[in-house]
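Same chain, two versions here, written out as structure tokens and called structure 1 and structure 2.
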Structure 1
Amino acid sequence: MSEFESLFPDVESVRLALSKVGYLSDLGLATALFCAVRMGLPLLLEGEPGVGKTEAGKALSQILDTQLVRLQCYEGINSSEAVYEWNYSRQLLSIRLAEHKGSNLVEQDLFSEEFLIERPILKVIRHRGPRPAVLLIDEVDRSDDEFEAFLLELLGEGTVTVPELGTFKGEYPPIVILTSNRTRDLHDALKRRCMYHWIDYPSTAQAVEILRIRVKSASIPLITQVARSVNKIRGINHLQKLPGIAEAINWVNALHLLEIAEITDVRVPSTLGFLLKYREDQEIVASEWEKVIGN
């Protein structure tokens, strides 16, 4: 029996382990994470911003008690920025020092381990264990087609090449979690290499449990009112950005700090900046505030 088999014999053991580190998972997500770990397959998590995709990757590394390496994608990211780079300032200093001493430097001296800077992908490929690292490729939908093509090679072969040093193959292949806010469609070729799971907004009951765990000092009545109100706000038409669970947590923290015990308190509308990030959204919600706080 492998270590992962004994650590996570079934899906329910994953759910319990996640709950112990403060992440409440439904059966679908727990199943996806269980299979990703046990089968060694990359997992693509999609969903609206703020539903807990990134936190799922972080929680997984916690329950596995292994290193989390996060690669934040952005427009224009390329493979060299994700894999490695050379410490040019140290190389230049070494050249000047060699000139001062009258010694000669060859190319191999400058492009050696001494001057190599590991970026996330090379770091997880060269991870020394004892368990695989978790590679969190965050917001992959913000990258471009060229970077997606690079990821295909990484996910397919599990190797990385540094031309000056050779090809590295991981002794402990990483557990790869990709997240996407679905701002654009990813290529089918990338999706074929991954398991897929959509994370939806939590129900009111689920949100209450999450908020209760994450904001222990707040009262249950306040948490319940916030969870119910946030779900109502998500049902309002024409909002530019629906509030996620991360915004709900911040809102509860702010209300608790301000010693607001009821969502009907007249001060509550002034705190909507914790929940809604566009002025137009705040105006729309304010115009329907009575419906939001009503039963």
Structure 2
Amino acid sequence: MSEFESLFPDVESVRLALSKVGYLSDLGLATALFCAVRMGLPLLLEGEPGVGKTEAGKALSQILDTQLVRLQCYEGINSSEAVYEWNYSRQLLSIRLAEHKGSNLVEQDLFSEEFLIERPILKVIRHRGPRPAVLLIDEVDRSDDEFEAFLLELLGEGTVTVPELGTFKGEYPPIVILTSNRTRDLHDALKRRCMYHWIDYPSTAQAVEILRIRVKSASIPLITQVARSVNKIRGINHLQKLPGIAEAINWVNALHLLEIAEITDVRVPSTLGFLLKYREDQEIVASEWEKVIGN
């Protein structure tokens, strides 16, 4: 880890580097990522949709100038998709070939490196450097209990075991970032092995900065008005899904394309679909529109 130590001597250096690759973080997130890198412990990032969890993992790999291996979780994901798999067709082929030649194949030959297919986790464990890779286990809350159990060895020991081959421990253990939307509670055993950070919605001023970076062409007054309104909209009761940064970016993009310069423009309420997914939410916000754009 010594290379990272000189590259990132303190939390601030991480925050700066992130902002240089277009990801704006606050002290909390920068501390969390700094610790993940420097302490080599997994980090669990939670937050509402669209607050930049996935992006944080990506940005981290960028500033570390290292490979990003992303494992998108989904219901039913299992170890053969995430860790490793045997190349059955090749195994079969070998068996046939052996039969053909009349030679003898023992099981050991079939379960050797030659037939092993690396999936993200094994790949990242066996990563050959020059720096550890970043393993982004995205939306881990979508996977199920059994899969979480699979992860424990990786998170706790930094190893992966293939029963037929033994335990793999890499020369460059990965930096592991997990993200979750909290659609369900993760297992204690998993949480215990991770550091934790909750990414909040950004403040208005932070949102302005993010929008400026992400939608370079939009005017600053418009961006400012959007950031302010989005924050107000998040305060409105009974919305089903609050807008995240991703949605705010979409909205600014749309307004910009429609050449709308001011949030007070009468066309703006009809663009709410870019910000809010549900029609009911759009209606609620439209009905409170004066408050949203007022001071």
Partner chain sequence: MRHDVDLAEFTERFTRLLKISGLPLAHERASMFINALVTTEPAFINELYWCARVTLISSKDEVEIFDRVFSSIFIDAGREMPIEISDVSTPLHRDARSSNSVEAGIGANNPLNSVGTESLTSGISEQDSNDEFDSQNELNVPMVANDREVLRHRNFAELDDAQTKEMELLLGPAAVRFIARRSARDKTSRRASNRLDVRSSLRSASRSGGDLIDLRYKTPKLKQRSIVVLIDISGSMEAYVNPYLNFVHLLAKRCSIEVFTFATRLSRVTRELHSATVERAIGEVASLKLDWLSGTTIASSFEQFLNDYGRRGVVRGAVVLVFSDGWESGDPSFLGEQMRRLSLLAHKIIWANPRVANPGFIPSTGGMKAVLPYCDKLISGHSMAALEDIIREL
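Note that this is a predicted model, so its numbers are computed, not measured. FYI, numbering is relative to structure 1, first residue = 1. The term rigid core refers to the maximal set of C-alpha atoms that superpose within 1.5 Å between the two forms.
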Next item on the list: Can you spot the form predicted on its own among structures 1 and 2?
Entry: 1
Checklist line | Core superposition between structure 1 and structure 2, C-alpha change of residue 185 at least 2 Å | finding: no
Notebook entry, point to check: Rigid core fitted, then: does residue 221 show a CA shift of 2 angstroms or greater between structure 1 and structure 2?
Noted result: no
Check: Just checking, between structure 1 and structure 2 and with the core aligned, does residue 131 shift 2 Å or more at the CA?
Finding: no
Next item on the list: Align on the rigid core first, then pass along the CA displacement of residue 116 between structure 1 and structure 2 in angstrom.
Entry: 4.4
Note to self: Core superposed first, then measure: what is the displacement of the CA of residue 157 between structure 1 and structure 2, in Å?
What the structure shows: 2.6
